[in-house]
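One chain is shown next in structure tokens, namely the form predicted on its own.
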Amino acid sequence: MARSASLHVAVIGAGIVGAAAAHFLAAAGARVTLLDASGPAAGATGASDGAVSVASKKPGPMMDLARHARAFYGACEADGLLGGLFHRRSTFLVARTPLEADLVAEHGADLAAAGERVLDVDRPTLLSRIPGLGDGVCFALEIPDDGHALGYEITQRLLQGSGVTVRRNASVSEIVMRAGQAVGVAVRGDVLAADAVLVAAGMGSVGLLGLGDILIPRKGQMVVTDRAAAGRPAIDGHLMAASYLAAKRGIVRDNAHIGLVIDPLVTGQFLIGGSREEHRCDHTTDAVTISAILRDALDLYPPLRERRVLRTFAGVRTASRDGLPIIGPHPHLGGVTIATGFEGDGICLGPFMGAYAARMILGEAPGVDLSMLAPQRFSRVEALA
């Protein structure tokens, strides 16, 4: 604790990962300044669904990581830190063609092999749970242990009462180094002294760390409807089409692929998405893409015809070249830790990964071996110099 109390950490990026790291650093006694070019949850964290989902993850490291992250949500909900913000909720994986049914069955087998509960759901049972489901749905699996949390609410809770200094509209132009060690960050011509720096700024990490050939922007467009129910989710679970699994498993790679998810919010509204548009950094929505999302959603769940679209929005997620997050010490810059590349999984992974980054900065044992996510895994580490 003595070392923590004397440590000042500059955290760049006030999304869910940066906020979680700031919270856990401060809880350990460190002084923390959280800097963001805009403000908390203003980027991908505030433009996302709330799936805390293992069901959606690619088999392998991401599926295992999501299981740790979801368990961490449960622990934080139980101890009061995230009380009332994490909601247990099933994910239904649904297929509308025999080919999709094969994909869902294969994904279900991978989930079961990873230790997940996977339940077969026949059509009568599915209709009793989700009345009005489209006639084309021919196969479904339920993943009963998933959950839901809103990223901006989690970010706000993590920062409340943490003692973290939050600097909004504070774009960091440079990490200040001395003899190979970080000594602070430059903000609007001034230098904020710091003993350690965490870069959790999404695509903002590119300019600071030279990650241009490693990080990829991926835009996603989404829709929010009016309320179908008052103060509760309108249906009994998150609907995830096989098209979403195809994208996550790398089967579909076209630039504007739509992986359909229908997310029943606790407000009674629906959040419907979304597109996967690589190398797009704008936040505009367009009628062609939104119409395609809605047509697919209506086919899967026809009762949406009774809903009104309240707004559309787009977020830009930060993907890495190999599809895995990047978290760990910078290979060349002493005192600099990287936490980026979470793509559309930041809400699920955020609190756990922020806590993991905090432990690394504090010199503590991380508890879980995530060495496969270290920056050194890329062959051209000179890109990080």
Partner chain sequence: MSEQAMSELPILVVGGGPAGVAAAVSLAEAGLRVLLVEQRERLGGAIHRQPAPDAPQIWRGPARHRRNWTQLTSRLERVAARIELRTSSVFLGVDGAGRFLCEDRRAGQVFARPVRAAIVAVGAVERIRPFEGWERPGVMSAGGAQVLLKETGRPPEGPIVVAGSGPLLLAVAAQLARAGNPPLAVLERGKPWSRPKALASLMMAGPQLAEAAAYATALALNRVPYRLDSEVLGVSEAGQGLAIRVRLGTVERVLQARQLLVHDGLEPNRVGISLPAPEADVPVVLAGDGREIVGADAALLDGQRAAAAVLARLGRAVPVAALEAALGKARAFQRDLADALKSPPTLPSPETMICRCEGRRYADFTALPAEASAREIRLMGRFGLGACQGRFCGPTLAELRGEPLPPASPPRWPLRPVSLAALASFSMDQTET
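What you are looking at is a predicted structure, and each value in this text was computed from that prediction instead of being measured. Residue numbers count along the first chain shown, from 1.
Heads up, the form predicted in complex with the partner chain isn't pictured, but that's what we're talking about next.
Visitor: Look at the stretches 171-179, 83-91, 106-114, 283-291 and give the one with heavy atoms within 4.5 Å of the partner chain in the model of the complex.
Guide: Heavy atoms within 4.5 Å of the partner chain in the model of the complex occur in 283-291.
Visitor: Heavy atom to heavy atom, is residue 156 within 4.5 Å of the partner chain in the model of the complex?
Guide: Taking the distances in the model of the complex, the answer for residue 156 is yes, it comes within 4.5 Å of the partner chain.
Visitor: Residue 96 versus the partner chain, in the model of the complex: is there a non-hydrogen atom within 4.5 Å?
Guide: No - in the model of the complex, heavy atoms of residue 96 and the partner chain never come within 4.5 Å of each other.
Visitor: So in the model of the complex, does residue 305 come within 4.5 Å of the partner chain, heavy atom to heavy atom?
Guide: Yes, residue 305 lies within 4.5 Å of the partner chain in the model of the complex.
Visitor: Using heavy atoms and a 4.5 Å limit, would one call residue 350 a contact residue for the partner chain in the model of the complex?
Guide: Taking the distances in the model of the complex, the answer for residue 350 is no, it never comes within 4.5 Å of the partner chain.
Visitor: Pick from 119, 71, 309, 191: which residue has any heavy atom within 4.5 angstroms of the partner chain in the model of the complex?
Guide: Checked against the cut-off, the match is 309.
Visitor: Can you tell me which bits of 199-235 touch the partner chain in the model of the complex, meaning any heavy atom within 4.5 Å?
Guide: Contacting residues: 225, 227.
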